[in-house]
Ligand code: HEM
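Before any questions on binding or motion, here is one chain by itself as C-alpha cells, the form predicted on its own.
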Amino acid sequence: MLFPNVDPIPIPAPVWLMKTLSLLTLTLHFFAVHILIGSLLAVGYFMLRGKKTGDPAALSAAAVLGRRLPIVMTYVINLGVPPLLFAQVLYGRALYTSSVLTGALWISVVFILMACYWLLYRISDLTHQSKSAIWQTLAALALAGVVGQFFSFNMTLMLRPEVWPAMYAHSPSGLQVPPHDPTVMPRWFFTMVGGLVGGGLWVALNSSLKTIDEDTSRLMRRFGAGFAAVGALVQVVFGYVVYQSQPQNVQEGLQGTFYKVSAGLWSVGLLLVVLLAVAHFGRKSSSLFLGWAAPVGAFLSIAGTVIYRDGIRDVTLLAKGFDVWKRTEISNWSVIGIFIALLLVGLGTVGWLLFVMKLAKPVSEQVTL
C-alpha cells in the first residue's frame, strides 16, 4: 500500500460539507494572497517612479498601499488556516507524509511569514514618511514567493506517493526538496500571476478613497485597472500551461461536466475582470461600483480555479488508490452547527467593521515631501 493506514477516527462531517467549506475558505485565502502579491508589486513600482521622477502622486499611492499591507497579511494568514485544517482532515494520509518528508522546509514557513510580516510594517512606516522602501518591498515579495513555493512543493508531493519511500530511504531528516515534478512551477507561477489581477483591482478600489487627492486617485485608477487587465490575460496563458503539465490520465479525468463548469466559471470571472477594468481605465474619475464589481469577477475566477485544483488532487490521488469520498464519517451536527454559526458571525463582524470604517471621518493620507 502506497498510503499509510487510514486514521481509525472517522471524520466529523460529510465529505461534501467539509469540501465545500474548504473550497470557500481557500478561495478567500487566495484572494487575500493575490492582493498581497499585487500590492507589493504596485508599491515597488510607485516607489521607483516617485523616487525617479519626484512625482508626489506616485509617492502618495505607495503610502496608501503600504499602509494597508499589514492588514492584508492578517487576512492572508487567518484565511489560510481553515483550508489547511480541512485538507489535513480529508487528505491527512497523504498530506502528513509529504509534510514530514519536507519537514524543515514546511516548518520554516512560520518563520518566513514572521519575517515577511515584519517587513510589511517597515514598508508601511517608510512609505508613510516618503522614504525609500524598495529593498524592503523586494525582500517581502521574495519571502512571500518562497512561502508559495514551499506550499507548492508540499501540495504536489502529497500527490506522488511513489517517490516517498525513496525520499525517506535517502534521508528521514526532512531537509530534502521533492524530486522534480513538471507541475510544480506552472502551479506556482499561476498563483503568483493571480497577484496581478487581485493587486490591480485592490489598487483601483483604493483609488476611490476620499483621503487622497485627484492626481493620486487618477494614477492608482489607471495603473490598477491596466495591471488587472494584463494580469488576467497572462493568467489565461499560465492556466493552459498548468493543464498541459498534468499527466494524460489526469487531463482525461478533468473532462467531467463539473470540472468543465468550474473552468467556465474561471473564464467568465476573468472576462468580467477585463471588461470592468477597461471600463474603469477609461473613466475620468474613480467609480465605487466598478471598484467593487470587478473583485466579484476575480472572486468567481478564483473559485473556479480552486474547484479545478481540487479536481486535479482528487483525480490524481484516485488513480493511486486514495478515494477521499470513501472516508468513514460520523457527523457531529452540534459541532458543525456551532462552526457554521461562528463563521457567519465572523463574516458579519468583518462586514460591520467595513461599514463603520466607511462612516468614519476620513483622515488625509497625503505624504509630506
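Position 1 is the first residue in the sequence shown; the rest follow in order. Owing to the predicted nature of the structure, the values given are computational and were not obtained by experimental measurement.
Beyond what is shown, the protein has a form predicted together with this ligand; the following relates to that form.
For the chain shown alone, G148 is a contact residue for this ligand in the model of the complex, at least one non-hydrogen atom being within 4.5 angstroms. Contact annotation for L196: none of its heavy atoms lies within 4.5 Å of this ligand in the model of the complex.
Interface membership of M155, defined by any non-hydrogen atom within 4.5 Å of this ligand in the model of the complex, is confirmed. V76 belongs to the set of residues with a heavy atom inside 4.5 Å of this ligand in the model of the complex. Taking the partner from elsewhere, no residue among L48, L219 and R221 has a non-hydrogen atom within 4.5 angstroms of this ligand in the model of the complex.
Distance criterion of 4.5 Å from any heavy atom to this ligand in the model of the complex singles out P83 from the list G291, G253, P83, G239. Residue-level contacts in the model of the complex: of L205, L265, A87, L126, one residue has a heavy atom within 4.5 Å of this ligand, and it is A87.
With the partner omitted here, the stretch from 325 to 333, 31 to 39, 52 to 60, 340 to 348 that lies within 4.5 Å of this ligand by heavy atoms in the model of the complex is 31 to 39. Along 295 to 320, these residues reach a heavy atom to within 4.5 Å of this ligand in the model of the complex: R309, R313.
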